[in-house]
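One chain comes next, on its own, written out as structure tokens in the form predicted alone.
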């Protein structure tokens, strides 16, 4: 392969890898917002918590971080159940309409973001940790790819695909889709929101924790890493369409590639600017998302 083509192939592969992580983060947030109208701006903080749990679990137990990922997902999912019961269910009971609930939920999630950030600073201080990796580089033809990043991308895309299958093929998943499409109609046919709302909120937080576990294997982590991922997840959701899990999956990968190519053509310092430009362009051209039906 010519050197120029090889360099660009590396850029595309890097974009696909980080795009897979973006997709998992966005799918979790999209489920929460699409079903319950909870725009959880603290979503990325639970990615950070998942990253720390994986790092410290690996350090203390001495096992592979990939073996800890199911446990991290479960811990964050249970945390999501509890947070929904304590914070968002009482809000839903007293809100006179969905618009008021959405506004109050946004304010509550802002408070939750700062609480989790500061709790992480108290527990783990601000030092950078992790990012060492445990797998050898993998050769794909003439390309050499970081093994931890490649495995993280594979896991992320597999989880995203599993979520799509869960929503389309299982009874619970179909109930979730029905609630997203018509909350009133779904309630009238007997779908119990008291069960589905905490379940989906917990799954969303579990996916954020899983994404954090994945990035801890190849990126250094600190208590401040979560907020940029929340912003990125919102951009991906806008790109793919609110309420569309498959759109989030495709949008995450697409944004990762756009960022990688844009950074290669311009400067790494312009990465977030490129993301915001994509965000604004999609809002203007396709406000319902590129993949909304």
Partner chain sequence: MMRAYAPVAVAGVAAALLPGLGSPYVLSLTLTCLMYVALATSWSMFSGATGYISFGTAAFFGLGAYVCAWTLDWLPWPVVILGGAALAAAFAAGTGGMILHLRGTYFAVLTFGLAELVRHAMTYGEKQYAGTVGRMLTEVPSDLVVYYTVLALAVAAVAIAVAVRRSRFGLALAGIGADEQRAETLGVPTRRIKIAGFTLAAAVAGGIGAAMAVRWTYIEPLAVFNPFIGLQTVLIAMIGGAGSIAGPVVAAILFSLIAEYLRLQFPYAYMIALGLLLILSMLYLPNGLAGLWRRAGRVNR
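All values reported here derive from a predicted model rather than from experimental measurement. Residue numbers count along the first chain shown, from 1.
Keep in mind the form predicted together with the partner chain is missing from the figure; the text below concerns it.
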Is residue 166 close enough to touch the partner chain in the predicted bound form, meaning at least one heavy atom pair within 4.5 Å?
no
Should residue 128 be classed as touching the partner chain in the predicted bound form when contacts are defined as heavy atoms within 4.5 Å?
no
Check residue 39 for me: does it contact the partner chain in the predicted bound form (non-hydrogen atoms, 4.5 angstroms)?
yes
Using a 4.5 angstroms cut-off on non-hydrogen atoms, would residue 118 count as touching the partner chain in the predicted bound form?
yes
Which of 104-112, 211-219, 144-152, 157-165 lines the interface with the partner chain in the predicted bound form (heavy atom within 4.5 Å):
104-112
Tell me, out of 234, 69, 260, 225, which residue has a non-hydrogen atom within 4.5 angstroms of the partner chain in the predicted bound form.
234
Going through 251-289, which residues have a heavy atom within 4.5 Å of the partner chain in the predicted bound form? Please give them in sequence order.
269, 270, 272, 273, 276, 277, 279, 280, 283, 284, 287, 288
